[in-house]
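Here we start with a single chain on its own, the form predicted on its own, put down as structure tokens.
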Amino acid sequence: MSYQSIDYEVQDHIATIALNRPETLNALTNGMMAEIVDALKQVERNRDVRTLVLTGRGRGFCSGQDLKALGEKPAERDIAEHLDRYYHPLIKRLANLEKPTIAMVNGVAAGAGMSLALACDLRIAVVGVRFSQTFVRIGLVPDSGSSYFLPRLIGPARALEMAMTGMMVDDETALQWGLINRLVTDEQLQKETYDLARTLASGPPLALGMIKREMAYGASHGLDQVLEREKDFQVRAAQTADHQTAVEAFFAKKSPVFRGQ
């Protein structure tokens, strides 16, 4: 597929998807979302890819839905069909990807654009970044998974405040609240992000995929259920060649090379 609204590349086991409509702060259109989904399918299929970085070109990460692309008559839109066809497949595929994902937040992340960042596993943001649940400003409610991800990251009270007021959360507040993992300067953003991506890419792919599922399960189930799920995953992890390789490397005082087997 030839992409018009995103850039996609793979290097050193790291895939990068960059939203590329900088003139609109990378506002989302149907075409852009279809392209992101297609690129995510490539990430899923490509065993050489072990980590994904999602970012935006220009001075913004993603400003959310491009309202101009929807037209001026909200009553004529089929919102349910639009969400089901474009947003839900994108968020589900990104959140359920069994490879580590990092949002490299290079500027404002608002509305559904913030949802994209939230759907990633980790977020590294540049100084000066801002986050906002802008839906309420146009009489709408959070979608694209924001009401799922946000309370789990920053707690229900703070999530409600963001959703009900549409407030802009600045960089230091985002770090304090746990909305982002790291806050770095513009000069450090690429290096910090790709250093972390390389660390993840050098890890055991099968175990990392199970860790993602284990943590997601643990967030919404009781202790007894979680202990059973941990046991199941640990049995599977212990049977991998990567585990055996790591044990042998430990006794040989060497660094293991994981192959995803």
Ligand code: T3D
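One rule holds for the numbers: they count along the sequence shown, beginning at 1. Computed from a prediction, not measured in an experiment: that's the story for all the values here.
Although not depicted, the form predicted together with the ligand is the subject of the following passage.
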Any of the heavy atoms of V108 lying within 4.5 Å of the ligand in the model of the complex?
yes
*Give a yes/no on whether T24 approaches the ligand to within 4.5 Å in the model of the complex, heavy atoms considered.*
yes
Discussion item. With the partner left out here, check for me: in the model of the complex, does some heavy atom of R182 sit within 4.5 Å of the ligand?
Written reply: no
Closest heavy atom of R77 to the ligand in the model of the complex, within 4.5 Å or not?
yes
The one residue among D66, E44, E192, E214 placing a heavy atom within 4.5 Å of the ligand in the model of the complex is D66
Partner-free chain; cross-checking the ligand in the model of the complex, the single residue of M164, L140, A157, V127 with a heavy atom within 4.5 Å is L140
Of 147-155, 92-100, 110-118, 172-180, the segment with heavy atoms within 4.5 Å of the ligand in the model of the complex is residues 110-118
| message | the ligand is absent from this chain, but in the model of the complex, do V10, R50 and T245 each have a non-hydrogen atom within 4.5 Å of it? | response | no
Of the residues spanning 218-248, the ones with some heavy atom within 4.5 Å of the ligand in the model of the complex are none
